[in-house]
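One chain is shown next in structure tokens, namely the form predicted alone.
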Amino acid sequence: MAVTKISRSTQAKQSVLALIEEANIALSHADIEEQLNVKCNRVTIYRILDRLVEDDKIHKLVDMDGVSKYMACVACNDDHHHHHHLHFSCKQCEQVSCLHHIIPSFQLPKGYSMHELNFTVRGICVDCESTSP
């Protein structure tokens, strides 16, 4: 069975990227699959997400439940991709958002090198806090 490579600019890829860019919360693979308007199988969506992460169009985070989610690179530009920021997971609405203005700081022991970072804080977001009685 021949494996078809995804074209760098397919309609499905453009649809996934547009969906993520329009969302102001992190979306899981299941969220994306549910919201897609084009016919696309789940393996193709995984490949598209991997390609978009590799191309620095989106970034991947893992929420408090271990679910991979994806967000647009809003604090990034062509010269600098800044994915090392805080994520906030709301216990009430269960949405995950990026807090770009809060950058965690720490120092690793000698001999260690960082390749990825995932800081997630869990609590109640500002929208849910303002609507609670």
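Numbering starts at 1 and runs along the sequence shown. Here the structure is a predicted model, which means the values were calculated and not measured.
Keep in mind that the form predicted together with a further copy of the same chain is not shown, yet the notes after this line are about it.
Student: Could you check which residue among C73, I45, V53, V62 gets a heavy atom within 4.5 Å of a further copy of the same chain in the predicted bound form?
Tutor: Flagged contact: V62.
Student: Within 4.5 Å, heavy atoms only, which of L99, C93, L36, A30 is in contact with a further copy of the same chain in the predicted bound form?
Tutor: Looking at the other structure, the residue within range turns out to be L99.
Student: Can you tell me whether T120 touches a further copy of the same chain? I mean in the predicted bound form, with a 4.5 angstroms heavy atom cut-off.
Tutor: Contact with a further copy of the same chain, yes.
Student: Does any heavy atom of C125 come within 4.5 Å of a heavy atom of a further copy of the same chain in the predicted bound form?
Tutor: Looking in the predicted bound form, residue contacts with a further copy of the same chain include C125, since a heavy atom lies within 4.5 Å.
Student: Would you classify E22 as touching a further copy of the same chain in the predicted bound form, given a 4.5 Å non-hydrogen atom cut-off?
Tutor: Judged by the heavy-atom cut-off of 4.5 Å, E22 is well away from a further copy of the same chain in the predicted bound form.
Student: Do C40 and a further copy of the same chain share at least one heavy atom pair within 4.5 Å in the predicted bound form?
Tutor: Heavy-atom contact with a further copy of the same chain at 4.5 Å: absent for C40.
Student: Taking a further copy of the same chain as it sits in the predicted bound form, which residues of 106 to 130 have a non-hydrogen atom within 4.5 Å of it? Please list them.
Tutor: If the 4.5 Å heavy-atom criterion is applied to a further copy of the same chain in the predicted bound form, 106 to 130 yields F106, Q107, L108, P109, K110, G111, Y112, S113, M114, H115, E116, L117, N118, F119, T120, V121, R122, G123, I124, C125, V126, E129.
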